[in-house]
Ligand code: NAP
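A single chain, nothing else alongside it, follows as structure tokens in the form predicted alone.
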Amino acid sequence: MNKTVEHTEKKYLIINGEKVETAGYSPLYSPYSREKIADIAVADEELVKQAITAAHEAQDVIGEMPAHQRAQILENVVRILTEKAEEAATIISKESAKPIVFARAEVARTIETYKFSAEEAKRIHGETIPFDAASGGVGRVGYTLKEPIGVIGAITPFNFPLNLVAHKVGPAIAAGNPIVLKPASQTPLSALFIAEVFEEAGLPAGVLNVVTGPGSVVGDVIVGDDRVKMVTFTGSPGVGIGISNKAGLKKTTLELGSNSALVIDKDVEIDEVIGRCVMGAFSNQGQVCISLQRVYVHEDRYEEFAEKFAAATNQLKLGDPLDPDTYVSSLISPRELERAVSWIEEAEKGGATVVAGGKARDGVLEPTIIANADACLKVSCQEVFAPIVVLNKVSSVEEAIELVNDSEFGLQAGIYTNSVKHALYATKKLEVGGVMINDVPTYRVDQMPYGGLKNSGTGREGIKYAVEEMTELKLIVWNQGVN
């Protein structure tokens, strides 16, 4: 297997603008080559508390900074990251095995996310209240202010290690909040890289602190510390529910899992949707919260779709994530590969048919299409987080939507149809946070509200909407009378 990394680096915590050593370090291995690429600092409870203290003490610094200055820092990040885009993409590919073509796209989106954050920093405002609309309000005027909530604990996943950090750090700084960031253990390099970018951009020390280590230590301290006023988390439902239970009255935004579905109506031109379905199912090895996992195709078009989808899937190149022609590379860990393969085997034993892929090749799971899978099989009802998609034959849009909703998740869903009636029916009946008409559920741009229902989480991301979560509303009332 090709080597993708040539040297090992030692990486430290970033607390109060300083690189901080720890008693222990954990080796970080490339998911593709399995070569060690870095030694990562492992924080203990005391160091996490130091990071929270640094953020707490920086609260007034960033909270009282004029909006135009916060916006300028974020604009500086946009400029620096644009200059270092290829370096950032290479870091993402090395630590996560994301194919470089998708890593570059992530960097481009991250630049946009910080740009949106810079713009949103200037648009945080309240409103006036018509007090004289109530008889008891005559002689009074009032308005609302949006104030920073305080220290934000951000816990981010491995699958978009730069952009999902941006979705927490960008709006936090725009709103005037300091952050303690715990990146995923497999992808800390992106977070440490962006912390250096923010330092170069002029962010005051202590506003952004990066603490690496296991969630059982770092995450638990962040969630449990009373000085942390909000926890924003992207990850698995199990961990998210645990955070919610421990957080008490602390505000939380939880972006959790899904088994996102697509409905294909009988009037759809199949050739026009295959490319989007391939991207939706297999980009980033299917390790996307809104990855296309279930497809419900009208019986009149099922055979054509299955044949053409499989043919396109079989053309995808597997291999080294740094090869610009690679479309599918390694899953984030050998354990995840073993799990995904076991789910495919379970599906086959349960009577399902593997239409394409289904095997591991040189440590890379082939993009896999499964047909005739019972809805209770893991590949259908749980979040697969791998390049696996399940095809289902239906007789109507109504039947398809009923099957889509038969899930503990509800993040996003899509429907391809030329019928306005069916499209409107889908927007009303689909039990999800976002409905994509004539697109796959994997569609996301970074300013849109993003979040789900059921076990897919609570709250919304998207810069404007995240800022709402990260500010507190204060009411001011002036009595103009003498009483």
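Since we're looking at a predicted model, the values are computed, not measured. Quick note: we count residues from 1 along the sequence shown, nothing fancier.
Not on display, but discussed next: the form predicted together with the named molecule.
Contact with the named molecule in the predicted complex, judged by any heavy atom within 4.5 Å, is made by just one of 237, 224, 319, 142: 237. Residue 255 is the only one of 120, 106, 265, 255 with a heavy atom lying within 4.5 Å of the named molecule in the predicted complex.
Using a 4.5 Å cut-off to the named molecule in the predicted complex, not one of 176, 198 and 204 places a heavy atom inside that distance. In the predicted complex, the named molecule lies farther than 4.5 Å from every heavy atom of residue 94. In the predicted complex, residue 450 approaches the named molecule with a heavy atom inside 4.5 Å.
Using a 4.5 angstroms limit between non-hydrogen atoms, residue 357 is distant from the named molecule in the predicted complex. Shown alone here, residue 219 lies within 4.5 Å of the named molecule in the predicted complex, counting heavy atoms only.
Comparing 339 to 347, 294 to 302, 132 to 140, 380 to 388 against the named molecule in the predicted complex, the single stretch with non-hydrogen atoms within 4.5 angstroms of it is 380 to 388. Interface residues of 145 to 161, taken as those with a heavy atom within 4.5 Å of the named molecule in the predicted complex (partner not displayed): 155, 156, 157, 158, 159, in sequence order.
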